[in-house]
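As a starting point, one isolated chain is supplied in structure tokens, in the form predicted on its own.
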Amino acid sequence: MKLTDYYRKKIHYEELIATFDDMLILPGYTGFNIDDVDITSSLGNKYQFNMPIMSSAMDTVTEEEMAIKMALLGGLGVLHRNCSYEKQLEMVRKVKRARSFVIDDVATIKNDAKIAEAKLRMESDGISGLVVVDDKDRVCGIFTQRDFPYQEELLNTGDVKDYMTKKVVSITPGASRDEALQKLFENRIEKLPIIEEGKLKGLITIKDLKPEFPLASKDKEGRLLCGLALSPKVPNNMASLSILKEIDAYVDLFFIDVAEFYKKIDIDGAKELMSILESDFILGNIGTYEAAEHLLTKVDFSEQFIALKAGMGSGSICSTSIQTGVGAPTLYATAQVADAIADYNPKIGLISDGGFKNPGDLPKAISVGADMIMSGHFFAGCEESPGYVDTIQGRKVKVYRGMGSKEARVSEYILDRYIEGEGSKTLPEGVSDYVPFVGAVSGVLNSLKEGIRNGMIYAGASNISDMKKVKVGIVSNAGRIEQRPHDLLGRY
């Protein structure tokens, strides 16, 4: 066989690698009311989400502020790993402390401490009060922002014990939410320590009991769900491993975070991490049926493995496919992995990751098998994302960079997300640029939510499960042009 004939045959028989712009969902019969549309989804039959949307584990997208807000609004923010374990521990602590019926990791201060120390602790931890304990760790007071003296000089010289609220209204362990609310209301206080035999066992705050965010993603103890990106490498020193185990106590979901997970070294590393840590794991990214089949049938993962993440090279700031010639666009990857999950283990969840440009791309991902979608592009310009708002030519913007960009890979923490080895750091697989500032993430999520809901209504699907059964089709190039605004005198 001639070499040219071989290439023609190989290309002829390869599958069509479709992207979001190549596909449309066909309209279906809608026999339900608009209010009946249910967009709740789950991962591993264990984690429920009222908003099937995640913000990416990127250092210009998700740190604690974004993670907290995403969880409060019903989704999940996955904290990035381009930082030390110490920094990650700080972030996960803040997420778990943000909205909790009972705070276990209570901030305390000694009664002989200076007011200046208390002020610094409150500011650095982002809290409004501290429980005061004596030298035997027995509760003796509460010190809040209301207890600061008016005299400026006393902020530096005064002692906490002289200004704290000494009458401590408390509750015993095991009290119900209603009992806690009643005691807070009766005493017109905002913080309620849980005390047993004089020792502090926890803290309840009024803000955590208010039904301000009824759709919030919470664990069984009422705390916000917390996701964290993780290297597939086990820490090579005891100090780092100790911190990682401490992180494990706060995290619900670890996301193995590499560009392409279908590698023996990453698979073996993930298995070892599961043997060390107790939280659940989501593995990724992968892009083919074969990769999913291998992970589902040939690797003996523990029950901690609950979901896969699909997509490679589709993000707006990702250049892996251009730099290496290898990739799996998110729509194609999602459909491939969904087929393997259906064939081998339907209990495994599926996250469609990257490449989303419009709200209409989300229902497309769900229609081919995704349980949830993950995006960085939609959220990088939000006020909750890391970084500051800049102004360029009169327009407000924020920095957005790929984790494979040379700017992100200056740090040593993210190098194993891509191919490691001599010289590999010099080949960037992402770019850094600006995106428009879009304001609060709540507004972005509302738009994406409506894109999903309206897509489901037009398709005739009242829930996520039904949405995976709708009919889809490939669009011609002429069809892609026609489905967008066209033949107008304006900017289109």
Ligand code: XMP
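The structure displayed is predicted, hence computed values, not measured ones. Numbering starts at 1 and follows the sequence shown.
We do not show the form predicted in complex with the named molecule, though everything after this point is about it.
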### Query
Hey, of 69-77, 171-179, 246-254, 309-317, which bit sits against the named molecule in the model of the complex at 4.5 Å between non-hydrogen atoms?
309-317
### Residue among Gly349, Gly354, Gly141, Pro363 with a heavy atom within 4.5 Å of the named molecule in the model of the complex
Gly354
### Summary
The listed residue (Gly402, Gly129, Pro232, Pro329) that reaches within 4.5 Å of the named molecule in the model of the complex by any heavy atom is Gly402
### Message
Checking a candidate spot here: are Ala118, Lys191 and Gly202 all in contact with the named molecule in the model of the complex (at least one heavy atom each within 4.5 Å)?
### Response
no
### Message
in the model of the complex, does Ser375 come within 4.5 Å of the named molecule, counting heavy atoms only?
### Response
yes
### Query
Quick one: is Ser367 in contact with the named molecule in the model of the complex, heavy atoms, 4.5 Å cut-off?
no
### Message
Although the partner isn't part of this model, could you tell me whether Glu63 comes within 4.5 Å of the named molecule in the model of the complex, counting any heavy atom of the residue?
### Response
no
### Query
Using heavy atoms and a 4.5 Å limit, would one call Gly430 a contact residue for the named molecule in the model of the complex?
yes
### Message
If you apply a 4.5 angstroms heavy atom cut-off, which residues in 267-288 are near the named molecule in the model of the complex?
### Response
Asn285
